[in-house]
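Listed next as structure tokens: two forms of one protein chain, kept apart as structure 1 and structure 2.
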Structure 1
Amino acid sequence: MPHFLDRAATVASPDFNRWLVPPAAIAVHMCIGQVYGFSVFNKPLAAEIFNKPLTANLAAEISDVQWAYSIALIMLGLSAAVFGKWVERSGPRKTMVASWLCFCGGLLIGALGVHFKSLALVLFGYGFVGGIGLGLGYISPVSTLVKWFPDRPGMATGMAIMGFGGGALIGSPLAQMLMDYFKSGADTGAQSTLIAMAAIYTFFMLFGATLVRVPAEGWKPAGWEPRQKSGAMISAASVPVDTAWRTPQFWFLWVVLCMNVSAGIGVLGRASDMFQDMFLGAGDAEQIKANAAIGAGFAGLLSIFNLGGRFVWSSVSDKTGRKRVYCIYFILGAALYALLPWAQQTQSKVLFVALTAVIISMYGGGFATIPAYLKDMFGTYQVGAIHGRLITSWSMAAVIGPLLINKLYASRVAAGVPKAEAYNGTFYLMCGLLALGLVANLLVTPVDAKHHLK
């Protein structure tokens, strides 16, 4: 590896402005966040790989293609957990370059898969290789940001993770725009779009890798002194990753993230259908089309609150403390979920939209605040690697959240409950998940000093 990539080459000079680091982190996160916009490729990839016209019924083929997305998310969790220590050793620049190689390489292998009409190649490229890029990219800037912003770690990591949310908002319309540009005749434009996106993302990811710096040993912001209060929820000591994941605090935080994400992802994943079922009636073809646009509009609005919540709530956590802000997420979240059935019964769309917007902002906030919570508990030493292992709870939540809401909804409909009211039970279930998260959060206490790095 060339010297340019080594951690030592990224140590900042004394006059370096720390506010240059967040754009580097955001640049990487907003590229890899594209994974959330993968669904835009479902139909074109299914048509291309299985040699069918776009107008054909592609339901079975689409479910095969969607495995690329699932594999990518599984690999995100696994690679973040497995490579966390390597990331800490290698530094952010080498990790960002590795992330770029995997993520953009995955897009190119995917394009090759389209060319050879090979589903296996698409799953391997976008899912497996690209997924490793996601995991590396996701944790690459975390410990760097908390070291640069010890005074505001919530805000700093919140900005990066907001970039990941923004990546979905960019990736989906960008891919659609490129496919519209490249399509001709039977060619959906998917192959050229994957190549073009790899080129565009190369620019931004390498920009991030070039710009990123780590602070010199012992650096701290001018005028800032770490708090050294014994027993406080912010530790000045550090805990290595191999010790951290054996402490109860790690597993309480694992449950905290898992419950927070499960409660949000269940709604986010069904937002469009949910709004249509609860507030919009069926009608003729034109009405169905209009309803679908309104449902998509609701999902779009939630994604904006998801994005904003990541920055706003994580910044708020710097003032309130992490434990307190998660109590707000869980208590306020459960209270708002409990009000949703009432919004449905009164057919108040405005109230429903307002309540869900706040709920989803706290879902995003939960994601964005967790690195700072880990830093408070385990110190900055290997916080990126610890975050990598904690992300496995996200993978778990991505499975249990939608599963719970879909199963309960289906059983209510099967029991004869009108579709408009069938979600009400799921909202109370979400209250239960949030209550579990609250209990786990209340159990979080400072890590025993015997685990601290000597």
Structure 2
Amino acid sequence: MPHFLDRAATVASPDFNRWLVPPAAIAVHMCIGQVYGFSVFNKPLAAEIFNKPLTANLAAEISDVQWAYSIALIMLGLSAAVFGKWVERSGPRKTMVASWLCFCGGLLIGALGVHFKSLALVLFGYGFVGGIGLGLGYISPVSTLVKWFPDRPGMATGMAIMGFGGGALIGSPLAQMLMDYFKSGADTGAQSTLIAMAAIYTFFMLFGATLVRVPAEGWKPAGWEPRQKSGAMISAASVPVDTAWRTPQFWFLWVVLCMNVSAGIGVLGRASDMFQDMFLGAGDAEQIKANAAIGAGFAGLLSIFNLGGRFVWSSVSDKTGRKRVYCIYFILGAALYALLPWAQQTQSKVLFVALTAVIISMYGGGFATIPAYLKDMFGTYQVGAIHGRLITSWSMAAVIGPLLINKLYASRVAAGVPKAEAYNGTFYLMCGLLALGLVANLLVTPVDAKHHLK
């Protein structure tokens, strides 16, 4: 078993088909991407942990529960940065198994927290332990696919990361269905659902770990030769991770990703509740149940665009270049955010869904494009470790985005603002974040040759 997990055991034979690697990457990312569907657990966990009925006003309690979501994403970035070099040395299989142990173990610890009505245990399990699993599972398939597809790096990273974005597409309705099945009286079914999901995800994550391979040293696609255009934003040289993170390009890209993620992550974390509050209102127990199903459907729909955007936009970036496509993300995204309050005021559900769908597609596209942007700047040598350090910006965004959404929403509701209108002010803040990201992106230039690996 230890040999089976070693990097040497994952080196592909000459006749290995590289198109078998994307399914392995997607299998792992679709599981850990469940974190994007956490919003369906907001009300059930708040009701369970704080001993309140689902029909009660749970705004403050949900803000506390949401820290599990934020901590998980914080730990994603931190663990990716800390273990980035280990991931490169150990290979994708060992990393994926470690990811499975942490992520599914975190779900089980979270279920234990629900049983003992301990918010701290839920935060530790789902947030801290599960978040480490997110970080390990996130960067390993990405760096592996970049090495397998040097001819189409944007498409390659899109294939990997589209799975993460689509995690809620499966996770949200699955969790809702399981909670409806396990629900009994005051028991919301959250505890049993977390246990069941850990069992289901175990199968798929271990499938991905078994299937994955790395290319042999010196491998390249048949007929492909690396080309370097003079003055282009693509380098044929390599920069070590310990050098890369000291360059201004690294930190400009850090801000680019942080602002792009901050502007979308808070919305995703509250997607189900947000749609219910803005368009559906309250009601009796049956209405609340129906609203929850609609909210879960909205979260699932956003996941489709999150997933699709990761593949489509990153593939577009292979044609337009990374810098241009990020300009589109920031300029168009800010314009669409500015229209969301008007969609709420006119109670146009179709317009609101359409606007948020495009916004979230570019949010996902930003995630999928950044590894290829890093490859362009720093080469493939230690791109996984560089990516790991860069997504500490995701950790920061996991605090900024949800904090702006949750705290401003809770304060406005406490001040007497109707729930349907309480989110509107946060959308204008998102425009400001995207403007900062645009400035950072415009400042990105090619890495000085003095940093290249000799």
Partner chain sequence: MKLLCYWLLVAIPLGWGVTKSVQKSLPLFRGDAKPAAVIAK
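Just so we're on the same page, residue numbers count up from 1 along structure 1's sequence. Everything numeric here is computed off the predicted structure, so don't read it as measured data. Definition used throughout: the rigid core is the maximal C-alpha set that superposes within 1.5 Å between two forms.
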item	value
Selected structure - criterion: the form predicted on its own	2
Per-residue C-alpha change between structure 1 and structure 2, T426, threshold 2 Å, rigid core fit	yes
W394 C-alpha moves between structure 1 and structure 2 by 2 Å or more, core aligned	yes
Core fit, then A12 C-alpha moves 2 Å or more between structure 1 and structure 2	no
Inter-form CA displacement between structure 1 and structure 2 at F298 - rigid core frame, Å	7.1
Core superposition result - C-alpha of I405, shift between structure 1 and structure 2, Å	8.1
